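Given next are two forms of a protein chain, the same chain in both, each as structure tokens and marked structure 1 or structure 2.
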Structure 1
């Protein structure tokens, strides 16, 4: 099969409000970030299939003849038997996958499932992300979405959306839904039992998405490792022990999410005022206190809140908590990067409300990103 080179990107995500509440039937408010994961697919002529993941120092190549022995039917649900064969093929013997093994497994699964046992193409896929991995910012979902979009284009299941006069192109809703269905298979391989929210958020036209204004935020990685599984279990344990205490807290978090959604929607259709910022900042503070109450705070996140509060800014954790990342709402002209970097944290100034998955002409992508993607 002859495939065309392509360049695709998908954004990360941040949870503004509702961490852990969604598990208990409450509203979570998540938005896309203007930090993206980029995938470059390049055709080869030497009979090899390669995956290059510089963020996690991974580069692997296989002969097509090896992969043809592992083929699968094009199922829309996870093929457990294929996953088992692939785990054995890449040498994974335990249940817990590291980030490199997870990424390779998702790549091989989507590649083999979509190309099937026919004329499988020789190609190199290189993926580089502006997102830190394992920090609760949807880097795995962005990776799975990019893989699905690239391979669906290569097989002709969806068209190339780029027009000659455009630098970027986006797919129609029907094509996005197909991308989403295959990206979810990748997320299942990486996370086991994901909600599907992360990959759906990256598609932009999905019903879960609300319109939000382009607001500046500071994204801070405390670099404290945490386990989402452990943190979710901790919240459930507290609810079981103290239901009359914890359920009202989750109800309040639900109300915070709904109020924030209302304010953000207003900000998209009328001039943004200081009152809008005041309400969002109050909701951020209230939500962060609630998150400490339900047991997912961490001293590193408390320090983030203290440092930014000294500058008149408002912060909260995003994702599972227990470390990981926090977000700070930035009013025009505000910034606190130096103070937070002095604490040993990594920081990025970015914005929320960016576009979902899209295809690019190379000239529309930053030179430094293309330099990384072009190394292989």
Structure 2
């Protein structure tokens, strides 16, 4: 099968409130970030399928003939049999996969589910991300979204949205929903039991995505590694063990998300006051305590909260917790934080509400990113 070359990007996300609770049906508030994952798909003519993932030091090539033996019919729901065959094929036996195995499994799963029943294309996929991997900023969802969009676009299942006079193109709602449904399959491979909130960010008008005022947010990466899959499973065990204790905590997180959403909406339509910030800060503190109660805190995150509190600022973990990233609300005029860098953390101020998944002409992508992608 002939495929079209394409260049795709998708944003990372920060969860303001509602991580973990959203897996159990509660409200979450997520915003997209101006940090993105980029994927370049290139057709080949030598019967190979190759994947280059320099962020996680993973570079693999297969012969199409090997992959054909693993084929399955076109599916939308996660096919446990195919996952089992793929795990055997890449040689993994334990339940919790490392970064490389999860990324390869998600790639092969989407590739084979989409193409396995027909003519399989020979291609190279290279991915490079500005997001820290496995740190709470939705790197797995951005990766899965890019994979799904690239495969669907390269094979003509969705149109190329690029117009000659535009540098970037976006898909219509119906195409985005198709991308989202395939990206969700990738998230299931990487996360186990995802809520879908992270990949839904590509749908810019999704109900989970709220209109937010221009807020200054500091992102801090504690650099403590953790796995979303393991943390989500840990919370589930705790709920099963102490349902009457844990369910009220999740209900309270739900109420925090709803109250925060109300305040943010007010801030978009009336003058912003110190009182708005006071409420946002108190909600951050309460939620951070709840996240500790449900077992996803970490001493590195406690340190983040202490260091920022000493400057009168309020922080919480974002994403799955257990290390990874935290967010700090910066009031207008608040300086950014040398003290956090002294703890060995990476931090950067970010703007929120970036565009969802896009297709690009190469000239619209930062040179340093194209430089990495063009190495392969």
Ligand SMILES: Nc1ncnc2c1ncn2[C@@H]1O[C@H](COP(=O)(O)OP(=O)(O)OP(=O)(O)O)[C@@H](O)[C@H]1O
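Throughout, rigid core stands for the largest set of C-alpha atoms superposing within 1.5 Å between the two forms. As the structure is a computational prediction, the values presented were derived from the model and not from experiment. Numbering follows the first chain given and starts at 1.
- The form predicted in complex with this ligand appears here as structure 2.
- Remark: with the core as the superposition reference, the CA shift of residue 62 between structure 1 and structure 2 stays below 2 Å.
- The rigid-core alignment places the CA of residue 40 less than 2 Å apart between structure 1 and structure 2.
- Superposition of the core reveals a Cα shift of less than 2 Å for residue 158 between structure 1 and structure 2.
- On the core-superposed pair, the CA position of residue 342 changes by 2.7 Å between structure 1 and structure 2.
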